[in-house]
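This document starts with one chain, in the form predicted alone, laid out as structure tokens.
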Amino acid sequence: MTVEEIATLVQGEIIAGTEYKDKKVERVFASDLMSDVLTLKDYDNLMLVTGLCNLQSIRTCEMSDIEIILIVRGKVVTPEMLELAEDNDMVVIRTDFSLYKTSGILYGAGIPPVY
């Protein structure tokens, strides 16, 4: 499934990395604990779904080679976060849905979880 298709599914908007809207997502990991994200193995085309909306979430994705981040619960992404994401060629999607609802929608659409 593409980034653009995912944004549509969760009634979200791509707020950074719109040029990568056709990028494929093959797996999803949902967490607000960045320490859990750092324990993941190396997966290609992995998307992080999180409610943690600060520079730490972008930095964690940078360290974990995660290029697609979906921010839930209507959190406001700061200009500093967007700048860091764009500097690292990341996609940031924002939705008003909860982490639970977003995860259910993505799972129901057939995107497999990490585990």
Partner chain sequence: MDFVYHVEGGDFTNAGSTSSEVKRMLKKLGVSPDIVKRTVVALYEAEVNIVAHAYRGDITVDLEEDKVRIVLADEGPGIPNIDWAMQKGNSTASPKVREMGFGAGMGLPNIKNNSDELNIQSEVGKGTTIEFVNYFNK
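Residue numbers count along the first chain shown, from 1. Everything numeric in this text was worked out from a predicted model, so none of it was measured.
Omitted from view is the form predicted in complex with the partner chain, to which the following refers.
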Taking the partner chain as it sits in the model of the complex, is Asp65 near enough to touch it, meaning that at least one heavy atom pair lies within 4.5 angstroms? yes
(message) Taking any heavy atom pair closer than or equal to 4.5 Å as contact, tell me whether Val77 reaches the partner chain in the model of the complex.
(response) no
Even though the partner isn't displayed, in the model of the complex is Asp44 close enough to the partner chain, meaning a heavy atom within 4.5 Å?
no
Query raised in the report: Taking heavy atoms and a 4.5 Å cut-off, does Arg59 contact the partner chain in the model of the complex?
Result: yes
Checked 86 to 105 against the partner chain in the model of the complex; residues with a heavy atom within 4.5 Å, sequence order, are Asn88
